[in-house]
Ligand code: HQG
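Take a look at this one chain, the form predicted alone, written out in structure tokens.
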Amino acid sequence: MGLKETSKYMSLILRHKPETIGITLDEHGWANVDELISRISKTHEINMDILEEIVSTDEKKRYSFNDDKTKIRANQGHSIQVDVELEEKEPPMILWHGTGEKFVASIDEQGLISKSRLYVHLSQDEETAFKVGTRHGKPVLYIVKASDMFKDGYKFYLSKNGVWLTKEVPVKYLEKQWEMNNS
């Protein structure tokens, strides 16, 4: 198995199901590195060098080590209740959300809801949102009127890897863009 498969398995463990390999995460989502390597190594090729390579080369910057690299966690995307110590921040005027065309009717009715995750994920730019949308079929982009939401009392957080997070985005703060502007 390659790095990609090991990284996906690690994502499952650190974001959703640590019990898969019999570990627990602390309240901030941290896992003990030695324990993680030991348990993952039963089914996937992994050691500290491989783990460091996964963390440093992951294009979405999904993972972080603590200062002495004895603990590791996923930066966001959890479906389990953890507090990854997100910093509350004032968002830019607009943010973007990319999705697949099949989700449009639901979004137009309910707005953006976190579903199985703890937060709705938003992008700083149109290009990133487009990439996210293409993972779900024909991409549809939404402009999120983040500044208006913030003024109305909604909280925003910026994760370590640059993803903006919020609990929900009501319909009135959304503006649909069917496809990316190629201007």
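From a predicted model like this one, the values you see are computed outputs, not experimental measurements. Position 1 is the first residue in the sequence shown; the rest follow in order.
If you look for the form predicted in complex with the named molecule, you will not find it shown, but the lines that follow are about it.
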item: Stretch from 49 to 57, 131 to 139, 150 to 158, 36 to 44 whose residues place a heavy atom within 4.5 Å of the named molecule in the predicted complex; value: 131 to 139
item: K71 within 4.5 Å of the named molecule in the predicted complex, heavy atoms; value: no
item: Proximity of I113 to the named molecule in the predicted complex, heavy atoms at 4.5 Å; value: yes
item: In the predicted complex, R117 touching the named molecule (heavy atom, 4.5 Å); value: yes
item: 4.5 Å heavy atom contact, I94 to the named molecule in the predicted complex; value: no
